[in-house]
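Consider the single chain below, provided in structure tokens and representing the form predicted alone.
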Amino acid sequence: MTKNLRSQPPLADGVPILGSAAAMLADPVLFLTKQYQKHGAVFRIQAATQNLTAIVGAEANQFVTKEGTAHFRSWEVWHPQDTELGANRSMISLDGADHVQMRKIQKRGYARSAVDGRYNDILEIVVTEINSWQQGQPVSVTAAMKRIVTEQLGQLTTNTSPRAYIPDLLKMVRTMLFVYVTKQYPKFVLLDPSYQRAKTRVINFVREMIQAHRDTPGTREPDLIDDLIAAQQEYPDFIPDQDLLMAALGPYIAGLDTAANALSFVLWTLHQNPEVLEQVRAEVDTAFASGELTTQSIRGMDVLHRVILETMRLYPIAGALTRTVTKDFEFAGYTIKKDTNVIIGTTVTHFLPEYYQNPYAFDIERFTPARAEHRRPGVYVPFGVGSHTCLGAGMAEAIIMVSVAGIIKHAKLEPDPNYKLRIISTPTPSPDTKFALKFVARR
């Protein structure tokens, strides 16, 4: 029997010429949520010159998890960024068997286990940052978190400090993402001398780091760069030099903004909820009672863990995925054609009352065993879905957990009562540059 498929999906709300562009730029997840509640799981978006088909909801997340490899590719979205750095391809632009192999090569470098036993290293970076703060003065939170996370990523994944290159990394990564991924900047900004200088410095830094690893094999526990070099020796055609350089940059491209912005949002939610902050402070003091953090003491910080889960629900860093359809498929009564540009509204489910009680409220009790609102397929997805689910999710969670614990342990901070949270795209969501916490005292 022939299925009774509907005609073209409905068009999302918009204005003449610009369509939905302004709403998408302002808050894409909120826009997708409202359109899902109005139109259902499939709708079209016209945003300036872009035309997208949105698939949204728990069923969409489950579909991508089960069928995504067969129906979607990432090449069109991410390959232009590869070419900007002279690479042929990267883990994020690949799909299919090559993507699986690239993930396997890099898996250990991004694993949560790379953090185990290195808590003191993470904390030392946090304390170094705190020592630069002036008592009684405001701390620009997001900028501070970017300094912390960039150094942590470098030390954990490559055993190399990127501290001297943090401004260059921020400039290069953000500009490329704005131009090639979110398309918020025109391509001519790539000609900006300040961008070109930053790009040159970063590439030279990475080349020197790779060479230093080649020159000192066996002198450390193998890290991401060691694993890439070993894979290149075994599969020279699979990872040529230019692709190895791109892979070595991966932690900064994938994690610099995302982990730092998530950490900033955690500090925001904690300091907006003083009762919860006091519970976390008590947990942290207990965890440090023996002098230093251990895996067991970290696992004992249940309140902090639920704070992080709830913050990542309310302020998802990877709110949606953009893909290209590789072959026709049917979803929610529509046929989505090959070569259609699709946006998958992965985190719309975070804001649906059918899954979360009072979804826009900060409520860490929703993650208790008694409620477990997130324990349903496709309902809680802060790290994406499908074959491209964030490889470093475990590492990111550990970095955020230990960093927050270190900040709470060593610094007393106070919020500005006059500040109202404003979220900007950098290009991932972030509190704006006015978000500051006053450094009251060391603890």
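Note that residue numbering follows the sequence shown and begins at 1. None of these values were measured; they are calculated from a predicted model.
One more form of this protein exists, namely the form predicted in complex with protoporphyrin IX containing FE (HEM); it is left out here, but the text below deals with it.
Q: Can you work out which of 72, 268, 334, 78 has a heavy atom no more than 4.5 Å from protoporphyrin IX containing FE (HEM) in the model of the complex?
A: So the residue touching protoporphyrin IX containing FE (HEM) in the model of the complex, by this definition, is 78.
Q: Heavy atom within 4.5 Å of protoporphyrin IX containing FE (HEM) in the model of the complex: which of 87, 317, 148, 176?
A: Among 87, 317, 148, 176, a heavy atom within 4.5 Å of protoporphyrin IX containing FE (HEM) in the model of the complex occurs only for 317.
Q: Residue 92 near protoporphyrin IX containing FE (HEM) in the model of the complex, any heavy atom under 4.5 Å?
A: Result yes; residue 92 sits at the interface with protoporphyrin IX containing FE (HEM) in the model of the complex.
Q: If you check in the model of the complex, is residue 392 within 4.5 Å of protoporphyrin IX containing FE (HEM), heavy atoms only?
A: Judged by the heavy-atom cut-off of 4.5 Å, residue 392 is in contact with protoporphyrin IX containing FE (HEM) in the model of the complex.
Q: Under a 4.5 Å heavy atom criterion, is residue 254 part of the interface with protoporphyrin IX containing FE (HEM) in the model of the complex?
A: Although protoporphyrin IX containing FE (HEM) is absent here, residue 254 would touch it in the model of the complex, with heavy atoms inside 4.5 Å.
Q: With the partner left out of view, is residue 62 within 4.5 angstroms of protoporphyrin IX containing FE (HEM) in the model of the complex by any non-hydrogen atom?
A: Answer no; every heavy atom of residue 62 is more than 4.5 Å from protoporphyrin IX containing FE (HEM) in the model of the complex.
Q: At 4.5 Å between heavy atoms, only one of the stretches 409-417, 54-62, 39-47, 379-387 reaches protoporphyrin IX containing FE (HEM) in the model of the complex; which one is it?
A: Flagged stretch: 379-387.
Q: Quick one: name the residues from 320-334 with any non-hydrogen atom within 4.5 angstroms of protoporphyrin IX containing FE (HEM) in the model of the complex.
A: Contacting residues: 321, 323.
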